[in-house]
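Only one chain comes next, encoded as structure tokens, the form predicted alone.
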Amino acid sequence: MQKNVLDTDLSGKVAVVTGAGGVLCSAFAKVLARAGAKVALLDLNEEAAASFAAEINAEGGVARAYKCNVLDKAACYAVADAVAADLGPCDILVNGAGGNNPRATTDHEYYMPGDIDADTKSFFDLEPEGVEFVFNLNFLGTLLPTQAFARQMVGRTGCNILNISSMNAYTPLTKIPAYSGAKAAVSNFTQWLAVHFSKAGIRVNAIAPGFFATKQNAALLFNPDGTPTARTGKILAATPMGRFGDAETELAGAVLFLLNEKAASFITGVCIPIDGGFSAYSGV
């Protein structure tokens, strides 16, 4: 395994990553494995998680994949028991499962006269089921795995929960009200958990990624011919560094820092933006 950039040593630790079948969370799993942790990759798509687990094992790490629906409390508890039996009790939980859905997305950035009756999905056309799905996926999809795995952490030292928030938690993006609201809830929940577990040996923090080009958001950022969409133009114009982040490398430093018991042992309840300056830029 290659050396990690901060020399964060997670040897002997068991790390659990939800949403590990995706681009960002599989990268987190690899980072943790390279730091020495045994990693459980959880995803509803077990095949995708297993593929990334195989890559980690091929590098010399220790990883296992598990199918898990983060919206099913009983399933989360069952997987937590399985991980403990296979790898040991959880020391690190990365709550990465989440995402948006077209059912909770408006077609236009701004309401325009006539939209309410037009053949378009306006704010007034959003159905409760779509909004509920997105909110639950992000918020309950953080809360339920935390219930399942934090019970293995309480009373032990050096345990960590890392939640994945978003730039949307600071300033909501247009078109995606449910996702933005849900990520704001995740940031708030991070602070609540940090206080709640402060006497139990568990630190709780979050990172808020800015814009990283991945398979999941490719259709939003690029046209079928590969040219950037108008939304990409807006994103890069509002990002002082003028580019997307690299999902494989530019989140690793913050993750390893927050999990480092020597460097970050007094840090809990924070959410670190990793956004190329997006959250600091007023547009002027």
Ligand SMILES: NC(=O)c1ccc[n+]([C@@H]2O[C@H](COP(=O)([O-])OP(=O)(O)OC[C@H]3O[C@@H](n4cnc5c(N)ncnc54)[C@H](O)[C@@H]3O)[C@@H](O)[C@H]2O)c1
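Numbering starts at 1 and follows the sequence shown. Keep in mind the model is a prediction, meaning the values are calculated, not measured.
Form predicted together with the named molecule: not shown, discussed below.
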Counting only non-hydrogen atoms and a 4.5 angstroms cut-off, does Ile116 reach the named molecule in the predicted bound form?
-> no
Val70 within 4.5 Å of the named molecule in the predicted bound form, heavy atoms | yes
Is there any non-hydrogen atom of Tyr179 lying within 4.5 Å of the named molecule in the predicted bound form?
-> yes
Indicate whether the named molecule has at least one heavy atom within 4.5 Å of a heavy atom of Val23 in the predicted bound form.
-> yes
Let me know the one among Leu258, Leu236, Leu44, Ala50 whose heavy atoms come within 4.5 Å of the named molecule in the predicted bound form, would you?
-> Leu44
One residue of Gly201, Pro172, Gly99, Pro89 in contact with the named molecule, assessed in the predicted bound form (non-hydrogen atom, 4.5 angstroms) = Gly99
If we take heavy atoms and a 4.5 Å cut-off, which stretch out of 154 to 162, 208 to 216, 188 to 196, 121 to 129 is in contact with the named molecule in the predicted bound form?
-> 208 to 216
Heavy atom within 4.5 Å of the named molecule in the predicted bound form - qualifying residues of 134 to 155 | Leu137, Asn138
